[in-house]
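Alright, here's a single protein chain in two forms, structure 1 and structure 2, each given by itself as structure tokens.
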Structure 1
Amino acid sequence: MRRINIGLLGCGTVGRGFVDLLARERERIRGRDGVDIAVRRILVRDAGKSRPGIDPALFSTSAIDIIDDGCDIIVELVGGIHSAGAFVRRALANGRHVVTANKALLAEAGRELFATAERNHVRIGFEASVCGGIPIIRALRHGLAGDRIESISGILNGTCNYILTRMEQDDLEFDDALRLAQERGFAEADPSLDVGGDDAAQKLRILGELAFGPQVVRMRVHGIADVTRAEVEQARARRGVVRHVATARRAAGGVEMRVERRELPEFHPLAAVRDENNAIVVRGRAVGEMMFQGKGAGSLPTAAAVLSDVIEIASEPNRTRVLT
């Protein structure tokens, strides 16, 4: 039985979920995968905050102490670009594998980080960065590796979908629905990333690069920040729903991407996607159309994706290709 030590950066919605899920599944993973995964240190901003059920001795406010502590895998769940980027770069330079849920960082600096990982013979797991608990990254990297993807379209932001569902089903105003999404831990620390469309655009870039390569020829991003109850009610009167939809498709010279609010007829497959759920429709030339659906945000669903990357790296620590 190999022991795998984790340096966990962040103990918020997803970090806390990771600690809880690992506690629940640790024995099962020992039996199934032959690895014993343990959290050795946890980075937080406020070490005095009450976090019931976690040994206070694990907490530190020094990222450097944790990253340089010799852990096997650094799990980055801090969020944002600047501090998180510095932490990830240091971990990779130290020869540590990294698992992250940080789509903002990957959309901004993914190519550089993957190149650094490759140079240092370590891996970056990023399943949790797109669509929470839905294993869409693995599907595109492995399951669909034999086909040519023609288009990807779907609901990639749980907060927007939760807000639109509450406005539609409970007649809530936008601000009240956003507050609920924040209370439930779905929204980003800066929720304008969700409702402005940038979070979905970052996820679409990650999926698009896996499916089509890096060349984006056109990108249009609109959010739902100005959606009104009148708009939602008018859609309902026409037997439709408002949804925030992201689409990437091949175009001359590369890939064209759009993130926008759309009115969909109530029989459209994406119209039935509610609350914090996400859905992705992938069209492959050989396999045709497939739809992946599930929880796109939230503590345990996202933690499950993080833990799946940790298990994969822990089980094959010497496989160092980053993107395959």
Structure 2
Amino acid sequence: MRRINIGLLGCGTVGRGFVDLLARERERIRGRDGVDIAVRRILVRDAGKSRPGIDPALFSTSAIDIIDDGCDIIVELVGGIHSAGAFVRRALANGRHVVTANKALLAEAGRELFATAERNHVRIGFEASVCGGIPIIRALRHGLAGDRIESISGILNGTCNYILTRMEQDDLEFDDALRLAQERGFAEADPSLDVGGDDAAQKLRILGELAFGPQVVRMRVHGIADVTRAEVEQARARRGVVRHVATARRAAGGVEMRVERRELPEFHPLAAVRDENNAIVVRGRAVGEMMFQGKGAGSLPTAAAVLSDVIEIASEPNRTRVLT
């Protein structure tokens, strides 16, 4: 039985979910995978804040102390680009595997970070960076590695989908639906990253890199902040729905990516995806069309994706080839 020590950077919604999920599943993982995974240190902003169920002796306000403490895997859940990027780079330089849910960081500096991981013979797990608990990263990297992907299309942002669903089903205006999403925890106080389309664009870049490799990318991004109740009602009158759809496809000279709201006929596979759920349709030359659907966000679905990467790395510590 090998012991795997985790340095956890961040104890917010997903970080706390990861700690709780690991505590619940630790014995099952020990028996099934032959590894004992334990959280050794946790980066927090306020070490004096009460976090029921977590030993306060694990808390530290110094990321450097945790990264340099000899942990086997660093789990980065602080978010953002600058501080998180510095933490990840230091962990990789120290020869530590990294698991992250940070879509913004990977969209901005993914190629550089994966190259650094290769040089230091370590791995980066990033299943949780796109669509929470849906295993789309693993499907593209492994399950569909033998096929040529022609296109990817999906609902990648749960906030936008929740707003559009409430406008459709409850006859709400955009501002009212957004307010409801914020009250129920599906939208941030500042929702601009989501409703402006940038969150979905970051996720689409990650999927596009996996599906098509390094290519010249032409990207167009449009959000839903200007959608109106009348637009939703007109779509419904035509037996359609309005959805915020992200699409990447091969095109002459590179890859074309679009993030935009579209009117979909009611029989379209993405039309039935409602509320905070996500879905991705992958079209391959050999396999045809495949759809992945489920919870795209939330504490436990995202934590489950983080833990799956930790288990994979812990079970195969010597497989250091990083696929991007």
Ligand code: NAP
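Since we're looking at a predicted model, the values are computed, not measured. Heads up, when I say rigid core I mean the largest set of C-alphas that superpose within 1.5 Å between the two forms. All residue numbers here follow the sequence of structure 1, with the first residue given the number 1.
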> Just checking, which of these two is the form predicted alone?
Replying inline: 2
> Taking the rigid core as the reference frame, is the Cα of R249 displaced by 2 Å or more between the two structures?
Replying inline: no
> After the core is overlaid between the two structures, has the C-alpha of P265 moved by 2 angstroms or more?
Replying inline: yes
>> Is Q182 displaced by at least 2 Å at its C-alpha between the two structures when the rigid core is overlaid?
In response: yes
> How many Å does the Cα of T228 travel between the two structures when the structures are matched on their rigid core?
Replying inline: 3.2
